[in-house]
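In the block that follows, a single chain appears as structure tokens, in the form predicted on its own.
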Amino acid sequence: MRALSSFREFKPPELDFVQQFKMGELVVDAGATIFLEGSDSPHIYTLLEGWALRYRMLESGRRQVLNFALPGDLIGLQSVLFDKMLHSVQALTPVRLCVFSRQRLWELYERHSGLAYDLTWIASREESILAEHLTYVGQRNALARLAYIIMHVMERCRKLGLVVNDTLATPITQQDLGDAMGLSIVHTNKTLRRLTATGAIEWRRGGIVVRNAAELTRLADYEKRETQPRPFI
């Protein structure tokens, strides 16, 4: 990931600290729970490979998908600041995680102000993503919601080199999209067919193809934001 232009470079002292901060790596199977809402964990993780899902379960059994976790994303910071997780994280594919000790996180704040700023940036970025998701769920129609969430995922994956010829291999299902945008599976299926009929995308099992990016952007009323290389720990 350090070779990707979408991530900022570590300064030598920062890189040395992070390499010492790292406890090891953990491989988790698809479908496994990485964090459970309400739980406490001695570890936090950076996702190195694979896809994961942040979500909350309601008492009714319904699920609200908060966001998709991709390589470079930090998982578990909530358990450090609030003593427990306020949402769950599930692996959508086999994932490889970089493991850090939660107890040693304060050393990062004490010794490396640049990395401390990075953690603030990461938390603020997650907040901005949630704010945008909420705006679409609350104020956009179903077609715009699905166009938006597909654009959002495609843009994030493009920066990671996961999009090839406007095609993204993804484990995301129609149920995941619906749960992210507040739509039933039936409504999601019908809306995806409408979106496909516009010629903007092609929905495949295990993949998404963008056929007309301009039309997809128009339908989503999506504003692309130029961002600086982002940090990761």
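All of these numbers come straight from a predicted model, not from anything done at the bench. In case it trips you up, residue 1 is the first one in the sequence shown, and so on.
The protein also exists as the form predicted together with the DNA; that form is not presented, and the subsequent description refers to it.
The stretch that touches the DNA in the model of the complex, counting heavy atoms within 4.5 Å, is 134-142, out of 95-103, 80-88, 67-75, 134-142. This chain is drawn without the DNA; in the model of the complex, the residue among T33, N189, T167, S39 with a heavy atom within 4.5 Å of it is N189. Each of R62, T173 and G182 places at least one heavy atom within 4.5 Å of the DNA in the model of the complex.
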